[in-house]
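In the block that follows, a single chain appears as structure tokens, in the form predicted on its own.
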Amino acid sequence: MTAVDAQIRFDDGARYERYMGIWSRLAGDRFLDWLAAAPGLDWLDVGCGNGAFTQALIARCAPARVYGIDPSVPQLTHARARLAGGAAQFLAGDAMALPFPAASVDALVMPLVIFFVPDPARGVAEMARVGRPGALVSAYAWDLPGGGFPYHALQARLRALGLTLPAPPSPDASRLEVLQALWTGAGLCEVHTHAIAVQRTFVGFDDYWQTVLEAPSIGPQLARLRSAEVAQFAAEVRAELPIDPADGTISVWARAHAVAGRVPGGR
């Protein structure tokens, strides 16, 4: 993640993998199918986190080079271990001040990040600056205002209890019309958007619940409740989940919005 609100920090790559990395790959695969990028490009993954999407990018797009930036040193450490052998170069950096010269990269992507950027327009402008003429500039993000976040229902239930959950600074940036406006406002051309629906299956309630407890925006709030309150809350959540009566699995849907455009001047 990049330019994260002070209340939401992803500093544990392994825990992030279980909570969001799996979701990131599910949505990322759909996103890359839609993007259909050419092979052999130099890529910059803005807000690479623990490298979950970076790994998919390398496997799916046959890039010439891949760079990833993120402000979290622990996340970068996890990403380097995940992609050992020099498959990608990872640097500490901020989405609103990319540590790259102008017109230096063929393709840039911001995966599940734009709502964490305090000034999304500045972040998109930075990607447009770093892209070469004709460069592909893209992003995908959970539809936060529309309830597309994977754990939206759980968060809503917590808020109903009177708990205040930390929120990213720019949730509206994930709206399709806002993404369109951000990309055209940065001077990008051939801008188009797309909605992505993905499903994740948990092996059972314990799998789902332990994943939730590791969430930086949910786990700390549950820890503030008394044990009896947590048990009651867990029971209520379980009763609302779509548990398969045959095998106990739980399938949850989420929705993301995607956008792509190009830096003017390409052939």
Ligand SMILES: C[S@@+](CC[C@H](N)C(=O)[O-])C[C@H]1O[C@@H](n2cnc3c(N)ncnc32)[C@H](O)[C@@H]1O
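What you are looking at is a predicted structure, and each value in this text was computed from that prediction instead of being measured. Throughout, we count residues from 1 along the sequence that is shown.
What comes next is about the form predicted together with the ligand, which does not appear here.
Out of the listed residues V113, I196, V178, A135, V113 is the one that sits within 4.5 Å of the ligand in the predicted bound form by at least one heavy atom. Scanning P145, G187, P166, P118 against the ligand in the predicted bound form with a 4.5 Å heavy atom cut-off leaves one residue, P118. Within this chain, G68 is remote from the site of the ligand in the predicted bound form, having no heavy atom within 4.5 Å. In the predicted bound form, the ligand stays beyond 4.5 Å of every heavy atom belonging to P63. The closest heavy atom approach of Q75 to the ligand in the predicted bound form falls within 4.5 Å.
Using a 4.5 angstroms limit between non-hydrogen atoms, D94 touches the ligand in the predicted bound form. Heavy atoms within 4.5 Å of the ligand in the predicted bound form map, among the stretches 55 to 63, 200 to 208, 41 to 49, 229 to 237, onto 41 to 49 alone. Heavy atoms closer than or equal to 4.5 Å to the ligand in the predicted bound form belong, across 15 to 42, to the residues Y16, M20, S24, ordered by sequence position.
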